[in-house]
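So this first bit is one chain, no partners, the form predicted alone, shown in structure tokens.
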């Protein structure tokens, strides 16, 4: 398993990470343990969760239970901001809530520190300096080792890093955003901001909610039990004729090299220099194996150029 530095930090993370949003929802405690243990066996060190994943924080709880006895082998990344109850006091990025949220996450995870604590969404009600100062205090206390953001725009990354530098606070080391072969919008502003200010990109939904796994076909019924079969309006945005046309070209490209489109989706992301870890979800141990094997494909410059021609965003900013 290849490892990369997370931003301008000394933290090394596996190039394939395990997304844990299925834990407590599509995976029970036993299934979670099987998936996590297979990931550890294959050299995966990065486990990404959030307090709002699974009802009542079950993703963190199940992940923590699965990592008992393996804490030293794992980098736990979790998030805060999302609502954990009704009312304005049960979410956000205020100092008050951050200190409550981290304590609750530590209890559910069964650990005394979080490797990467991420701002799940921008909180426009709270000054970024207040959020960063609270997170800096957690770093100084040893409850958190590094901090990152998720779903930030490029300008929000710049604002946060400038504030951290100006106020001598712990900087962000990563930005977790939606990024895959069908949705490359972050390349316009977020990626340049991350490159300039020392953050690694952590892509989520690398398979476009399973569309890039090759299991969906135009004009055919959606496979029962799949993510897009349960996605409602999101499925309509993904299952377009344009995307099916792009999928056909990507499949032909991959098959000509003895690979699958899933291999291409993950291998392409892992080949980007600014991507430290591809966050791929799994509900079965064999899916973890597929994801890890896919990252072994390091695309050449010519291959990257060919894929770019197939998937380059058009002028509408797709």
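Positions refer to the first chain, counted from 1. Please read all numbers here as calculations on a predicted model, not as lab measurements.
What comes next is about the form predicted together with a small molecule, which does not appear here.
With the partner removed from view, the residue among 209, 161, 111, 246 that has a non-hydrogen atom within 4.5 Å of the small molecule in the predicted bound form turns out to be 209. Only one of the listed residues (270, 282, 33, 250) places a non-hydrogen atom within 4.5 angstroms of the small molecule in the predicted bound form, and that residue is 282. Not displayed here, the small molecule is approached by residue 287 to within 4.5 Å at the level of heavy atoms in the predicted bound form. Contact check for residue 215: a heavy atom falls within 4.5 Å of the small molecule in the predicted bound form. Among residues of the shown chain, residue 143 is not one whose heavy atoms approach the small molecule to within 4.5 Å in the predicted bound form.
Among heavy atoms of residue 151, some come within 4.5 Å of the small molecule in the predicted bound form. Listed stretches are 22-30, 251-259, 60-68, 37-45; the contact stretch with the small molecule in the predicted bound form is 22-30, by a heavy atom cutoff of 4.5 Å.
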